[in-house]
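Here's a solo chain for you in structure tokens, the form predicted alone.
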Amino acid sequence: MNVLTIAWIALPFFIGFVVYLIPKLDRYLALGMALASAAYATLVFSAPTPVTLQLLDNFGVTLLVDPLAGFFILTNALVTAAVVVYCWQTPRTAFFYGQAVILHGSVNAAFACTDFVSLYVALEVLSIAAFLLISYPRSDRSIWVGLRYLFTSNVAMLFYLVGALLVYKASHSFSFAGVQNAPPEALALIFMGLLVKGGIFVSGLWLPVTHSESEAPVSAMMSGFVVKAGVLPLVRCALIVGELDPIIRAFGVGTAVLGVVYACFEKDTKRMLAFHTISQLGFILAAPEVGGFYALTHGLVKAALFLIAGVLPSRSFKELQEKAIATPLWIVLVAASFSISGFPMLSGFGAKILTMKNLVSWQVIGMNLAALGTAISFAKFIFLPHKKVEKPEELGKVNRGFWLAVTLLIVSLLVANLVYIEAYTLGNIIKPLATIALGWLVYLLIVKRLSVKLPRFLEQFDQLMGMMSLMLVFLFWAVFAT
């Protein structure tokens, strides 16, 4: 398994190179890499013990592939496969597929490594590949959005790198376990970098513009698995050092509530999904010990929703409410919305129940409010008018690749529902159904009639840098107080 793990980490970078040499095989190679990762994740779940590797010495690479990482790797594999299938019949070039494979590989490496230097390298490669995919259309807007993402990410990683060096100075190791002996300022700097990369709390306000302005398949990858490369290390730190667990959980609650408040009042479909990504990342951090399953569920459903949003006739909820969408599109939109709202028979139900059961008492009110806000915001999709399709042209930009990709993601949500089958008790079923019903009532009676526009100035580029500084001050205070 050790040799297989090293080969699996190196393979995407080799395939990304081969894609440029043999461009005619770009789609096949990209899909093959995604399927290989899915097969590897299956092996991880069936292995009797986690894979642990330490190459070289304390300066070297430390890897840990356990079931927690397995959920994140499987998310990466399924979303990448869906995106490749979605793009199969489009004129995207080998450059796109090559970068998608490299992005896939760098995210896998970030999920597997448990030392700060290897993680730094993986996150930097990830940032460059993501920038090239965001700016792929080569329009002025896409290039600016890509540069904005790259600059914000690089500034955050400078903080992270200084923190990693301070960890080594204190423990003579770059391993995650070194944070136990690290000074508070090291933890604050590392967390600053990871919070920005993971799109957590106000540090994640770069995310709505980046995810909403990217092309649909890129948004699906960014929201499905890219941001989680910054979230898993935070989860691991919370599990390794008990004193950090309350801080991570607090960020989880704050992120879940902040994101869902914006999502409830957002009038643009893709921006609403982007704000909801922030909120759902909070659910992963709120209960770190079960965050893997929630990450899988969220990655699948959010990728499906971004792909569907990409073929809707408009991004504006107001226009969608005035002009009925095709019923087949509405059906898959409702299926995905049901899952993220926590409706039974889809994996969002089990993931939410499992998360709620692992909260500590002070988190319960905030996370229940976030769950209610989720039901309110996705009622916007569920109650859209729809009509029967008379002619294929009425489906707009939809092609066979779209249906295959969305079917793969929705079926995966149904299958993943079996991961926590113990959730199906009468009490567990009644509570989310009541939350969803209350959310729909609040939407129909209040939110739908309101015309509230929340300020966007915190998303401006210069404000993002300011918020990063404020967050660093807060982290210093939080870590010193622990």
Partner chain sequence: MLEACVFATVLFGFFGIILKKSLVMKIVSMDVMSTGVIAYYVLIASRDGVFTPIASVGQTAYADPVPQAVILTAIVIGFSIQALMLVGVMKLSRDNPTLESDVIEKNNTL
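The structure displayed is predicted, hence computed values, not measured ones. Numbering follows the first chain given and starts at 1.
One more form of this protein should be noted, the form predicted together with the partner chain, which is absent from this view; the next part is about it.
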Looking at the partner-bound form in the predicted bound form, is I128 within 4.5 Å of the partner chain by any heavy atom? yes
At 4.5 Å between heavy atoms, is K431 in contact with the partner chain in the predicted bound form? no
Exercise: G466 in contact with the partner chain in the predicted bound form, heavy atom 4.5 Å: yes
Since only the chain is shown here, I'm wondering whether K448 would be in contact with the partner chain in the predicted bound form (any heavy atom pair within 4.5 Å). no
Residue stretch of 343-351, 147-155, 78-86, 294-302 approaching the partner chain in the predicted bound form, non-hydrogen atom distance within 4.5 Å: 147-155
Can you pick out, from V209, M356, A177, V202, the residue that has a heavy atom within 4.5 Å of the partner chain in the predicted bound form? V209
Note: exactly one of Y136, W330, Y120, F338 sits with a heavy atom within 4.5 Å of the partner chain in the predicted bound form, namely Y120
State yes only if every one of R141, L161 and L166 has a non-hydrogen atom within 4.5 Å of the partner chain in the predicted bound form; otherwise state no. yes
Residues from 416-455 in contact with the partner chain (non-hydrogen atom within 4.5 Å) in the predicted bound form: none
